[in-house]
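This document opens with one chain alone, in structure tokens, the form predicted alone.
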């Protein structure tokens, strides 16, 4: 229970800090952030956009881990845990896409530019969207779990490429692209100490929130399955 309270407090603080703490030219207080050239106030998106992208990778990784466990032990609860993780992966992937699009609107003038990072996250949405379509088309629990597990493992192979490699080897508008000669303190994690503290607290808070949601998700699905077996 304590860690849930900590999660709530962390996310509350990050939300307040990320929205209200001012960015000034010469910070003189702990609640002020320095100006980052080219980003200014838009730099605050890092407190929300990056953690959602981070959780996307974590969720898809957990889905793959439990897919491997299912193929080894054939325990349907592992399939449910994999499914619950993938559901959250899609949700956080959508959140990362939306927050990135909002940032793009203010920084590049339009919500969507088919930048390599935007293209790669769209590809992940298609890949995992197809995974959910596959699951919904199979009635047999064992067959659905087995095929889903194999697909999940293959799908995750693309995640490191689309998230970490492709955006960095291709030229694009996003900071950190191949043609970016000045990645800046955000990409290099050489931020102001106060900004870095809020950023890592955000990562911790979102990670704890994800774990909380994942536990609720798979446990509720397990209970639902047991009730269905009991009454039907």
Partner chain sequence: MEQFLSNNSIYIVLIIVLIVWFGIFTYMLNLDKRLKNIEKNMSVGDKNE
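Numbering follows the first chain given and starts at 1. What you see is a predicted model; the values in this text were computed from it and never measured.
Although it is not shown, the form predicted together with its partner chain is what the next lines describe.
- In the predicted complex, its partner chain sits within 4.5 Å of a heavy atom of residue 209.
- Among heavy atoms of residue 11, some come within 4.5 Å of its partner chain in the predicted complex.
- Although the partner is absent here, residue 24 lies well away from its partner chain in the predicted complex, with no heavy atom inside 4.5 Å.
- The three residues 53, 135 and 146 each lack any heavy atom within 4.5 Å of its partner chain in the predicted complex.
- In the predicted complex, its partner chain lies within 4.5 angstroms of at least one heavy atom of each of the following residues of 1-27: 1, 4, 7, 8, 11, 12, 15, 16, 19, 20, in sequence order.
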